[in-house]
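Taking the form predicted alone, here's one chain by itself in C-alpha cells.
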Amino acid sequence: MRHLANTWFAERLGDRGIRTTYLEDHHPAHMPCLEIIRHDWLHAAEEARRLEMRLVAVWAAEAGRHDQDQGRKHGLYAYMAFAHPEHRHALLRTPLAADHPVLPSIAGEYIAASRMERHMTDMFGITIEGSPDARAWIRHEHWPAEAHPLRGNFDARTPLPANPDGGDYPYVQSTSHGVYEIPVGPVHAGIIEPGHFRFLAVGEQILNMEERLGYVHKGIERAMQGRDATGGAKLAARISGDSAIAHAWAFSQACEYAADIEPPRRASFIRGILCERERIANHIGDIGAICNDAAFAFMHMQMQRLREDMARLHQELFGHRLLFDTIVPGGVSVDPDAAQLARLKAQTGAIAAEVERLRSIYADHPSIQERVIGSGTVSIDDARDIGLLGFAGRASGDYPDERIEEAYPPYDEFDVGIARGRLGDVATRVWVRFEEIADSARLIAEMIEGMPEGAIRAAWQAPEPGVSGFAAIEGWRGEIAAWVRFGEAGRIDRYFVRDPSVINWLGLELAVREVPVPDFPLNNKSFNCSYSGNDL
C-alpha cells in the first residue's frame, strides 16, 4: 500500500513530461524513491504544489559505497519529500556533481524550503540557484568558508581555525526614523536553550522579528554515521529531549521500513501510549508557561505539579523521567504489566480531569484572556503557505496529522480526534492543546483496554548496504520526518531528520509582527519551537 503515493505522483509527473525512475533498492516494499534529472527538480516541485502536496523536507546526502559499486558516478544526491492527505508520502531524489553541486531553489513554491536549502549549502557546499535568501543558516560567521561538515572529506576531529573576516549576520534592517532594533539572546534569563531574536519595533509595536539559531549545533547527522540501529535510536531520543519518544519512534520506524521488519502489535500499542503521554506532558507544561508569561502564576504552578507527577511515574515504570531509550528498532525495551498499565490509565484519567477543571479557571480569568485572544494570529492561508505543523497548524485551520494520514500502528485501529481551530491566535493554540490533552487521555485509555498480548520486540536484522528507510511520526509538536540509509555491516551510512520546529519557527516570526514587545514571550511559548530540534 505504501507504493500508492509514489505511483500516483509518478503518474502525475509523467503527465507533465517529467520522467521518473523507481529505485527499488531504496525503501523496498514500503516506499521506493523516485529519481529524476536535475533539470526537472523545480518542475517536480511546481507540480507537487499544483497538486496541493505539502512539503515535508529537502535534504542532501553523499553517495555511499553501494552507489559506487552499482557504477553510479555522482557524489551527492538531493532529496525532497512531499505528503498528500489521501496519497501519503512521496520521495524524489536527483544526482548532483561532487565537484560543483548546483540545485535550483524550490522556495518560490514552498517557503519553508528556503532554510532547508541554506542548510544544504552550509553543510554540503551545494549552490542553490535562485535562492531568495543566500545568508548562511547553521554555519556561523567565523567558520572557514571551505569547511562543509557533512562532506566525506571533512575531518570532525581537527579543530578549525576561526575566520576573522566572517563579518556579522546581516539581519533585516530599517532606515526609517523611529524604528529601532531590540536584540534578545542568544543567552536568556531562564534555562531555555540559546537563540537570538532580533526585533524591529516602533514604540512597543513589533514590525519584524527574525531568529538566529545554530548556537548549539550538535552534528547529529554526522554522529549517526557508523552506529548500529540500537545505538542510533539512543542518539535519536536525545535530539530534542522533550520529544524523546517521537524522535526515537521516527528513527526506529525508518530503520524498520528499511529492514522490512514489523514490530509486534503489543509494542506498537506501548509506543502509542508513551507518545500520547509525551504529548500530554508537554501541552500541560506549555499551557502553564504561557499563563506564567501573562503573570497568571497559579496556572503555571498547578500545571507544573501535574507534569511532575507524570515524570515521576515515568521514572518509576520506565526508568527515565522523559522516557529515554524505551523505543528501540523492532519494538520497545520495557513491557509494563497489567498493574502498571492500570496505574498509567488511572493517572492519565485523573490528570486529564484536573486539567479540565483548571481549564475552567483559565477561561474565567479576564486578565489572561485579554492577553491571548487575538494575539499572534496566523491565517489559514499563511499556515498552508508555510506548511505549519501540529497544534500550531491545527489552530490556524490546517489539519495535517500523521496519525491519520499515515495511519501507522497502533493508530490504524483507533479514531484520532482533531481539534479544528480557525482563528490562529495564542488563545486558539492554547485551546487546541487543551483539546489534545483530552483526546490523548481517551486514546491512552482505549489502548490500555485493548492491549494485545505477545512479544514486545521483533528480532532485528539489518538491511543490505545501500537500502534506506523513510518514516513520519506525529509528535506533540507535529510531524517528525526521518530518513536513514544503511552501509556495510549493518552500520548507519547516512541519516537525516526534520523536527517540526524547522518549519514552525517561520510561523512564530509571522505571528508576532502585529503584537507589542511584552507579548512576545507568551507568543513564543504558544509555539514552543525546539532550538535543539533545529540545531542538529
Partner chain sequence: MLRILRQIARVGTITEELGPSDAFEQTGRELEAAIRKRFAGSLAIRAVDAGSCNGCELEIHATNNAYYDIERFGVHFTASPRFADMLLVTGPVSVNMKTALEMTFDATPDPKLVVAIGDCAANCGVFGRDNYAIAGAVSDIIPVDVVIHGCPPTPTDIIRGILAAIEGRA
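Just so we're clear, the structure is a prediction, and the values are computed from it rather than from any experiment. Positions refer to the first chain, counted from 1.
Same protein, other form: the form predicted in complex with its partner chain, not shown, and the subject of what follows.
Annotated contact segment (heavy atom within 4.5 Å of its partner chain in the predicted bound form): 238-246, selected among 238-246, 257-265, 164-172, 110-118.
Annotation: in the predicted bound form, residues 350, 440 and 513 none come within 4.5 Å of its partner chain through any heavy atom. Proximity of residue 191 to its partner chain in the predicted bound form: non-hydrogen atoms within 4.5 Å are present.
Its partner chain in the predicted bound form comes within 4.5 Å of no heavy atom belonging to residue 134. In the predicted bound form, at least one heavy atom of residue 159 sits within 4.5 Å of a heavy atom of its partner chain.
At a distance threshold of 4.5 angstroms between non-hydrogen atoms, residue 360 is in contact with its partner chain in the predicted bound form. Taking 457, 198, 307, 151 one by one, only a single residue has any non-hydrogen atom within 4.5 Å of its partner chain in the predicted bound form, and it is 307. A single residue from the set 403, 314, 84, 217 has any heavy atom within 4.5 angstroms of its partner chain in the predicted bound form; that residue is 217.
Within 4.5 angstroms of its partner chain in the predicted bound form, the stretch 266-302 places a non-hydrogen atom from each of 296, 298, 301, 302, taken in sequence order.
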